[in-house]
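Just one chain is shown here, as structure tokens, and it is the form predicted alone.
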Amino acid sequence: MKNILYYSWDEMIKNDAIESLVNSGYRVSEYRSAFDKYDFDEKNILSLKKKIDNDGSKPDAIFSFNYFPDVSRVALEKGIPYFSWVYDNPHLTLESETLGNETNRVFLFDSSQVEKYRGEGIKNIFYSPLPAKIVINNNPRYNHDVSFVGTMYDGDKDQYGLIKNIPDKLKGRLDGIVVAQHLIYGCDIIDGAIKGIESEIRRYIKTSLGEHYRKSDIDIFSDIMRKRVTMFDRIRTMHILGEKFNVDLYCEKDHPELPVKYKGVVANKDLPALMNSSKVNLNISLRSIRKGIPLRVMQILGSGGFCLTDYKEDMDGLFEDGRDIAWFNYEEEMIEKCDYYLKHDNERCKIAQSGQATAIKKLSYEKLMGDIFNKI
């Protein structure tokens, strides 16, 4: 297999992926998508078929980050393997009826998702951690004590908060579940907590994906609740750490109510320098991610930054706490470790160096994309 058609839509990681494929000896042609919707976009389907038919040689495989049902349909029709590497969770197109297409090879970074889909009889699902872009900087200048880069999931990104016209009793119960989940680390209670009130939720909240998708409206609503929990997690973390340490916040809008310094949005090209110049890079995972290691962690490690993150089960076997990374299981542990590593420069720097060395060995684009294409 030598010829790869890269289905391009996300500039954030496109160039790194293409470069790694070329460096590994693949010939890569790019199809730049201009789709209007993720599914049943006839114009996009016809354009992709034309690209395949008009290329000098038929591609041996199609590759994309995240999963596109229309690409899967074209790949099945043309008899071409379709490799999809998903970095979002939830990623609703995975619920498409096309997921089980025999030409698919779909890679997920959260092992709990792999278990879920394999349990549903879909066998062409595989686990792969996400890649780390390696950026070497041996002379960091620390411009930040603690930095957090990410969405706060408030405002128009808070889908739960936008829900209107539901009875106070139901709203009170749902709000209570969200608050309870926010106070619990390492265990998801939402699915069990809403069992028995599904019909009442459906009466007031409509979240169906349509007839060509498997995921239930209740599962979708559960993830909307988890996003709100994450909003509470991140806001509370900024309050707690901001009162004790110098914290810089990079997100879409200012939060003057928080005791942190708002720094705006950081461009992707500037992320490595930011992470390398932060004494502590904080990750607070989206609650929909049950076991997987978020892309943000890989970005920090690849940049040679020190990462303090909430613990996820998939970290076991890849990293060692206190050697490659620092993780916490509860709020007090987060505060203690943040304080400790800000005061112990040598230990912190050794962990950052070891984390990047582990990323180079186990998590580079070349290493992981080679593993993926071996699944042919």
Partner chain sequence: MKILTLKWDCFGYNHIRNAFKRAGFELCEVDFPRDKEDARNSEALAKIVVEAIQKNNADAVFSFNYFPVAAIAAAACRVKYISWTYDSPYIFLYSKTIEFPTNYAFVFDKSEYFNLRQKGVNTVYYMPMAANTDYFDSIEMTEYERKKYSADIALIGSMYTEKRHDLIRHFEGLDDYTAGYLEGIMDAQKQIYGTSILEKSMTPEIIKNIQKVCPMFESGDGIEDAAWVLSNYFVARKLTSLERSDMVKALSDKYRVALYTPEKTPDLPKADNRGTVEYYKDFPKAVKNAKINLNISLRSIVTGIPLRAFDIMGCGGFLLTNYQSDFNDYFISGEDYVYFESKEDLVEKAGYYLEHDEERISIANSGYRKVRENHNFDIRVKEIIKIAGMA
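Here the structure is a predicted model, which means the values were calculated and not measured. Residue numbers count along the first chain shown, from 1.
The same protein has a further form, the form predicted in complex with the partner chain, not shown here; the description that follows concerns it.
Triple contact flag 239, 242 and 244 to the partner chain in the predicted bound form, non-hydrogen atom at 4.5 angstroms:
Zero of three within 4.5 Å in the predicted bound form.
Only one of 79 to 87, 282 to 290, 164 to 172, 262 to 270 gets a heavy atom within 4.5 Å of the partner chain in the predicted bound form; which is it?
It is 164 to 172 that comes within 4.5 Å of the partner.
Taking the partner chain as it sits in the predicted bound form, is residue 193 near enough to touch it, meaning that at least one heavy atom pair lies within 4.5 angstroms?
The answer is yes: residue 193 has a heavy atom within 4.5 Å of the partner chain.
Would you classify residue 177 as touching the partner chain in the predicted bound form, given a 4.5 Å non-hydrogen atom cut-off?
Within the cut-off, so yes.
Residue contact check: residue 183 to the partner chain in the predicted bound form, 4.5 Å heavy atom:
Flag for residue 183 set to yes.
Using a 4.5 Å heavy atom cut-off, state whether residue 136 contacts the partner chain in the predicted bound form.
So residue 136 does not count as contacting the partner chain.
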